[in-house]
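Below sits a lone chain in structure tokens, taken as the form predicted alone.
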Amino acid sequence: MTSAKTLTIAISGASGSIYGFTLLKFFLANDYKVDFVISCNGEYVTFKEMGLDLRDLSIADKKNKILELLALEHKESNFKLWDQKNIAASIASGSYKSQGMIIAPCSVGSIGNIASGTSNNLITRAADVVLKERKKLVLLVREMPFNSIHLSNMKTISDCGGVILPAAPAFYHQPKTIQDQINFIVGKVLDQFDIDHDIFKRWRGDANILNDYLV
């Protein structure tokens, strides 16, 4: 597997599993090869928020359920699902070629482990590898408010080259649905990888902007 159009997506135990699955759907639909990891807490939150129950299933059954949810069964060969305990996975090695990694959502617990370099599971180990290899690491943080420990850990990761991207939606694109707000955040993640997309309405700096938005 080469680095071209190859990346890792992970879902940790924060609220907002839909962000990770929306990103997964985008990348698979656009012929990327995706390595995917979801933590045990991430599976629990996914079940509570989306009704998708991956708990106590084999890796093969989890993979099939995810692809069925996304209606992308024909992209099976582009989708590699890893167990969070599998530290022998390819993405745990610096020799593995990829464009980088996205953790969406990323819990402040995962941020703490990444900042301290503890590599306590495959998600945080893969993130550590991405940082040490100077590849793109985007952490879609879903928490509020932040305490000083959270802020310090995020600064540590940012100083190492990671991108801290909170799930903080804007309103200038005039969202009509929850999916519009999800797409805005997902689009911001895609922007970090310089990927062309049109999933949200970008800001226009023209003189008549107030006529459009202050109706």
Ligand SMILES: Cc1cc2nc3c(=O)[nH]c(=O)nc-3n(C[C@H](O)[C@H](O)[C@H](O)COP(=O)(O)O)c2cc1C
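Please read these numbers as outputs of a predicted model, since none were measured by experiment. Residues carry their position along the shown sequence, with the first being 1.
Unshown form predicted together with the named molecule; subsequent notes refer to it.
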Task: residue 15, heavy atom within 4.5 angstroms of the named molecule in the model of the complex - done: yes
Task: Partner proximity in the model of the complex: residue 182 to the named molecule, non-hydrogen atom cutoff 4.5 Å - done: no
Open item on the list: Against the named molecule in the model of the complex, would residue 107 count as a contact residue? Criterion: heavy atoms within 4.5 Å.
Closed with: yes
TODO: Find out whether any non-hydrogen atom of residue 99 is located within 4.5 angstroms of the named molecule in the model of the complex, and reply yes or no.
DONE: no
- [ ] Could you tell me which of 151 to 159, 25 to 33, 168 to 176, 43 to 51 sits within 4.5 Å of the named molecule in the model of the complex, going by non-hydrogen atoms?
- [x] 43 to 51
- [ ] State the residue from 80, 142, 136, 125 whose non-hydrogen atoms include one within 4.5 Å of the named molecule in the model of the complex.
- [x] 142
